[in-house]
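Only one chain is shown below, in structure tokens, and it's the form predicted alone.
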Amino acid sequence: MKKLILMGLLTLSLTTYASEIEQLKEELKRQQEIIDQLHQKVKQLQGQQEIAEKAREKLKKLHQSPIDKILSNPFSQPKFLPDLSLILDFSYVSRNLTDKTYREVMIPGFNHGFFYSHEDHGHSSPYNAERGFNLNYGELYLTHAVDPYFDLVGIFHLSERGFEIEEGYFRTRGMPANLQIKGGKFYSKFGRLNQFHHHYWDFVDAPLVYRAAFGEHNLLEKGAQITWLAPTPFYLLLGVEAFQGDNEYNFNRNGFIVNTKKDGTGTDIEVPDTKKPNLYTFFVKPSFDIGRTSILWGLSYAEGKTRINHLEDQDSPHAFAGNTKIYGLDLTVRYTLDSYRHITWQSEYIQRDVKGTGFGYNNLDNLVRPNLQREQSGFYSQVVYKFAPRWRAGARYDLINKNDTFINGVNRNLPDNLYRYSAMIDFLPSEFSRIRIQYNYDKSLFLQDGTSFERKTNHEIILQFNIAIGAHGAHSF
């Protein structure tokens, strides 16, 4: 009896278990059908999304602005857009010298007059040339990476008299051994101030020794530069440059023909062109920090052949052929007081040595060719104090302390101790504009009458407005 009961219970259990298995199979089948349906819906949605994305891209291209099209592929040459900026410099000048007198004054032994080398040689007029209002220049700046290997920079000088390429050069990127090559037309890295554009200067005008030695636009040449950033624990930059040598105050590479008679009836003597490149420079610039003080100093040297041709000067035709060497020493010390206040002291000393043959005419209008030698030097020293986020004040002292010119070994005793005091204060409404007022007390200017010189004191007040728009890269320290 017990066996029959156990058999019945076992049969009932198996039947119930089989029924539950069938139910589970049915449920799994239904779940699989739901999953298959979901897969189908996902595939449909993915297809619809792809269609929508393609449609969106087409609409985006149809309605995309030109700037967006350029930025979408910055290295596409047809769509290439460099950084672009425009800088304008405007001033109001008050001085006690009349414009006529200011055109005629000179720094003895250095230049004929501030306007001589610009108007007679086709360049733009000096900055702040006239009393009253002056539109000094416009500067159009373009730059961008060409590819992973080169940058390209173009800086164009705009004036009322013309348009010229002030700087145009390429610069290498990522060369091995911390080397960099630069080629084209650019400002030499000689000294401290020479490499910077006018709008970056701390004062309205260049220091007196720069203006006397290099002219209104400093040492700006066509050539090549190679620099090496040494792998030292402090900043150490070394460089050499080779230039055509076109600076008319010191070098020049074009020869000339001079006649043995002032009226041209004698025999022509040809002074040949110099070899090209004609000018070579070398510089070393170390820098290091001591606490809150940053120190940058440098040594510079420039050497080249010299050809100066003023034979068309009706009053006193003359010329020169020889060699010029220029030495430079600069020091910049910046002490940081806090996040926006700092004091900067900057000084440069420049010495120029010139040797060669002069060409001129005596009282009988016959050509004379004396040995000519110049030993000249000067310096400036300035302090600029940034005492508020938008305000700065500064003072500068200029001095030409040596001005010896020897003709056949005899010193002409030209005026020396040529000095100037300057003071300025400027306000920056923003990083794109500057308003500056500067006063100059200038005792470096003379009028020449034959072999005698009359000193002219120049009291000068200049109100400068410098405005910029667009993208302009930061300047180096």
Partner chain sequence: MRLIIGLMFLFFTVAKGEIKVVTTYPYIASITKEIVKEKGKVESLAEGIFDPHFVVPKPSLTIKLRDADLLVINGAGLEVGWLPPLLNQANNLKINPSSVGFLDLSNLVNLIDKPENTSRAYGDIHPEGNPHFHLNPNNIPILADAITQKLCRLDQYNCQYYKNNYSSFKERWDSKIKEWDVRMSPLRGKKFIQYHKLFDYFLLRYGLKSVGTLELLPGIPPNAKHVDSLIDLVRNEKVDRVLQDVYHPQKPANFISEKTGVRITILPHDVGAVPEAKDIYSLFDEIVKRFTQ
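Worth saying up front: this structure is predicted, and the values here are computed from it rather than measured. Numbering follows the first chain given and starts at 1.
As for the form predicted in complex with the partner chain, it is not shown, yet the points below apply to it.
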With the partner removed from view, which of 335-343, 136-144, 300-308, 262-270 is the stretch that lies within 4.5 Å of the partner chain in the model of the complex, judged by heavy atom distances? 335-343
At the 4.5 Å heavy atom threshold, is residue 99 in contact with the partner chain in the model of the complex? no
Partner proximity in the model of the complex: residue 57 to the partner chain, non-hydrogen atom cutoff 4.5 Å: no
May I ask you to check whether residue 178 falls inside a 4.5 Å heavy atom distance of the partner chain in the model of the complex? yes
Please determine whether residue 234 contacts the partner chain in the model of the complex, using a 4.5 Å cut-off between heavy atoms. yes
Each of 173, 229 and 390 having a non-hydrogen atom within 4.5 Å of the partner chain in the model of the complex: is that the case here? yes
431, 50, 27, 33: which sits within 4.5 Å of the partner chain in the model of the complex by any heavy atom? 431
The one option of 159, 287, 347, 377 with any heavy atom within 4.5 Å of the partner chain in the model of the complex is 287
